[in-house]
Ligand code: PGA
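As a starting point, one isolated chain is supplied in structure tokens, in the form predicted alone.
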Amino acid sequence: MKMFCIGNWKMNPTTAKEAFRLGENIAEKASSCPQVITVLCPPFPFLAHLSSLSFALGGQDCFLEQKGAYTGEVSPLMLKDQGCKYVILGHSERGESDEVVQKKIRAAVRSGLTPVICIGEEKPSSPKFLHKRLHSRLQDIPATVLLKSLLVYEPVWAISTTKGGKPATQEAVALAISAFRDFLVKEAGERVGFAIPILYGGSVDKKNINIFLKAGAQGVLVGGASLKSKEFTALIAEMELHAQTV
């Protein structure tokens, strides 16, 4: 089973030289772990500098139109042209409405990108609440589009930059992933529902990665740890071992 290790560099590092050095260090390990699809999502200005390295590239966001008079925006087609295969959408730090995220999902898929769709909660809740969040974020998104997407359970309460944030337990993540899967099967049927990868994102590091994998996550969206090559490559190595045993 293929796993996904996605690094979200956010607004780091500050120079193209640093970005390339970090990417180069990660690429060596990524190329030796065939069961793990490694994706790095650097700031937009660094995409072209990393396109020659042996991992997939992703954007940290995209606009909902392909071109036009939209100052400061980056379109899905521009990301595709820079070598991107993936794009993170709906990350909690952006604070976007579900309607905007839905439009971006459609725009990304039309351009040939795989959306990495973040869906979370502000505090620990119930499967019923997660079903509501999933419906709100994914309503009117056809199964054909969902099949070309990755979903990420992103509990805001477990993110290290959140005030009072605390790591998620294996039980909490397993419960959430089960809720995600139940929703997908109910809305799109078993064939589609079980085919869509569900990832986990929230303060992932080498100390807790196996907790999330044992909970059923098919990959992780990594923030701070993706900026440390040894830490990030340790995650990739652990995921490769896990993929070989399931």
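Just count from 1 along the sequence shown to find any residue number. Please read these numbers as outputs of a predicted model, since none were measured by experiment.
One more form of this protein exists, namely the form predicted in complex with this ligand; it is left out here, but the text below deals with it.
**Q** Of the options L130, L113, A158, V173, which one has a non-hydrogen atom that comes within 4.5 Å of this ligand in the predicted complex?
**A** Only one listed residue qualifies here, and that residue is A158.
**Q** Taking K10, E154 and G224 together, does each of them reach this ligand in the predicted complex with some heavy atom inside 4.5 Å?
**A** Per the other structure, all of K10, E154 and G224 touch this ligand.
**Q** Among 37-45, 23-31, 176-184, 214-222, mark the stretch whose residues have heavy atoms within 4.5 Å of this ligand in the predicted complex.
**A** That would be 214-222.
**Q** Please tell me whether any heavy atom belonging to D98 falls inside 4.5 Å of a heavy atom of this ligand, as the geometry stands in the predicted complex.
**A** No, D98 stays farther than 4.5 Å from this ligand in the predicted complex.
**Q** Evaluate S203 for contact with this ligand in the predicted complex, applying a 4.5 angstroms cut-off between non-hydrogen atoms, and reply yes or no.
**A** Judged by the heavy-atom cut-off of 4.5 Å, S203 is in contact with this ligand in the predicted complex.
**Q** Is there any non-hydrogen atom of D81 lying within 4.5 Å of this ligand in the predicted complex?
**A** D81 lies outside the contact set for this ligand.
**Q** Is there a heavy atom of E73 lying 4.5 Å or less from a heavy atom of this ligand in the predicted complex?
**A** No, E73 stays farther than 4.5 Å from this ligand in the predicted complex.
**Q** For 75-106: residues with a non-hydrogen atom within 4.5 angstroms of this ligand in the predicted complex?
**A** Residues within 4.5 Å: H91, E93.
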